[in-house]
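Taking the form predicted alone, here's one chain by itself in structure tokens.
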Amino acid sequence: MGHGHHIEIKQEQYTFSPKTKRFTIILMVLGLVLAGIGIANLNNDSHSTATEHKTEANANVHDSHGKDASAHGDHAAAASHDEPAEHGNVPNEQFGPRAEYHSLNKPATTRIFANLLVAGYFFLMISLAALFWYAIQYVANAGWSAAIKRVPEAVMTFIPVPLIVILVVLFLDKNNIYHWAHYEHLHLKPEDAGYDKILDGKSGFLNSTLLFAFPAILVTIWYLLSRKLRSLSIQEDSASKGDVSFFKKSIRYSATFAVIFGFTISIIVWLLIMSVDSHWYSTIFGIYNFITHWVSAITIMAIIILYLKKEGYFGIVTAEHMHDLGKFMFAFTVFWAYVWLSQYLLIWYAQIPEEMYYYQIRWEEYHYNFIINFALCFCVPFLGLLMRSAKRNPVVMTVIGIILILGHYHDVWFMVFPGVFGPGMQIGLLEIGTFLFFSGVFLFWVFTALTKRGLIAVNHPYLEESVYHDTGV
């Protein structure tokens, strides 16, 4: 099914329309209002009034602090930020299917910082995934995507904003978000009460120095490489027709970034997210997080492209390009479910207490969130994008895309909040407001970045191939 007509290639300059700008500002203002109401109601939140949750356990089961379940609960009730009382919900050291967990009393401000961590991490990873997508197009020598390369270029410029948010959160409230960080400053010895063998064994990696150093250094390196790739793209725009020197340099820098990013992204995931459940670990948690944000980034790019086409831009972008983006959304939705199920089944089958705790609390105390997460991240996008026609329908793509993004934001929330607070938390106005505010900031930033370049990479050597791209039957 080839194109039966000539497509004219000409430069387009995006203008950030007042209507679109107003929409992003409304998102920000609405987000701030809802978050403000949520903050004002923190003292009345269900977590503050909830009765402490505790599971039934074997009479002789002890937690990793060497205390029985009732003593552990009493200890937690008396704990504060400055007392060596509580380091989080932990499984027992005895082989078996049960673990002890209970609500953790945290300052009201910790919920604010935890939301900032979720939002900052989500949008940071989306920006990085867009950069990785951009680099992979060069490494794979892909031609079809040349027509839409300006969108990931704009998205990846957002990287510094969420990084700053995350570093501020870590500086102000790491001891309440990460149980191991609270434990770290106690400097307990094996003979001391409250000594934690597991956390002490992980202290070579889980420590405050690396918590700040790795995200700051690695993300800075990735961002500098993104700046270099964007600089090469700008120079290519000004080069003479047929000059492929900047294209070849882009391939080399993209390959460099892809290798560095591929080997180091899991470090950021382990430190910022997996260590929230400080006794737990998973060898595929890094790829699980990457796929969550990879499919989210592709979805966001697809929605932005559909919006730009609706506004009369991207005349060279056809249904073929959207079909391919839809196939990416569909394929990596399936891959997300595969990794999600693989992690769950392996942990369920092995019955190792340190691993089981992660799913036990989320299934037993966040049962509806567990089901909603799977429905939004897999069931709805899988069924919605299954048909070929759906991938070519802008309305279907947009609606399914929004549901998918909401699902994966909830996925990140679901990774963080049970580990930070224990049972009893739910999504409220603060969570909704934080998401809306960051979404508004993100869109405002990306659309502003789009105005600074022509939308068409007119000197890209594969542009004509992209213009006449055909997915076939």
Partner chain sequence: MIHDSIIRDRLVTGDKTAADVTRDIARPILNKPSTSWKIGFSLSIVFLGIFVASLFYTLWTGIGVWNINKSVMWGWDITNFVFWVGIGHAGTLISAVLLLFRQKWRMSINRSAEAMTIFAVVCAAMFPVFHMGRVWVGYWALPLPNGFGSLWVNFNSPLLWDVFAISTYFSVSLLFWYIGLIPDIATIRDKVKGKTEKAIYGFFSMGWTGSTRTWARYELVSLILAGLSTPLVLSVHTIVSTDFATSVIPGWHTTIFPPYFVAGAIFSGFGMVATLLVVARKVMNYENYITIGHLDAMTKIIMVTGSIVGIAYLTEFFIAWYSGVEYEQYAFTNRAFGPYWWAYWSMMSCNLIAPQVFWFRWARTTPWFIFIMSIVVNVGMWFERFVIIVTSLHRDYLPSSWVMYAGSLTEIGLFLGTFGIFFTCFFLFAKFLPVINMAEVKSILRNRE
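Because the structure is predicted, anything quoted here is derived from the model rather than measured. Residue numbers count along the first chain shown, from 1.
What follows is about the form predicted in complex with the partner chain, which we do not show.
Novice: Please state whether every one of the three residues 142, 282 and 349 places a non-hydrogen atom within 4.5 angstroms of the partner chain in the predicted complex.
Specialist: The answer is yes; 142, 282 and 349 each reach the partner chain.
Novice: Using heavy atoms only and a 4.5 Å cut-off, determine which of 184, 355, 196, 365 is in contact with the partner chain in the predicted complex.
Specialist: By the 4.5 Å heavy-atom cutoff, the listed residue in contact is 355.
Novice: Out of 163, 306, 169, 274, which one falls within 4.5 Å of the partner chain in the predicted complex, going by heavy atoms?
Specialist: Flagged contact: 274.
Novice: Within 4.5 Å of the partner chain in the predicted complex, counting heavy atoms only, one of 150 to 158, 257 to 265, 107 to 115, 186 to 194 shows up; tell me which.
Specialist: After filtering at 4.5 Å, what remains is 257 to 265.
Novice: Does residue 462 reach the partner chain in the predicted complex if we count a contact as any heavy atom within 4.5 Å?
Specialist: Contact check for residue 462: yes, within 4.5 Å of the partner chain in the predicted complex.
Novice: So in the predicted complex, does residue 208 come within 4.5 Å of the partner chain, heavy atom to heavy atom?
Specialist: No.
Novice: Is there any non-hydrogen atom of residue 338 lying within 4.5 Å of the partner chain in the predicted complex?
Specialist: Because a heavy atom of residue 338 falls inside 4.5 Å of the partner chain in the predicted complex, the answer is yes.
Novice: With the partner left out here, check for me: in the predicted complex, does some heavy atom of residue 204 sit within 4.5 Å of the partner chain?
Specialist: Yes, residue 204 is a contact residue.
Novice: Given a 4.5 Å distance limit between heavy atoms, list every residue of 315 to 343 close to the partner chain in the predicted complex, or none if there are none.
Specialist: Read in sequence order, the residues that approach the partner chain (within 4.5 Å, in the predicted complex) are 324, 327, 328, 335, 338, 342, 343.
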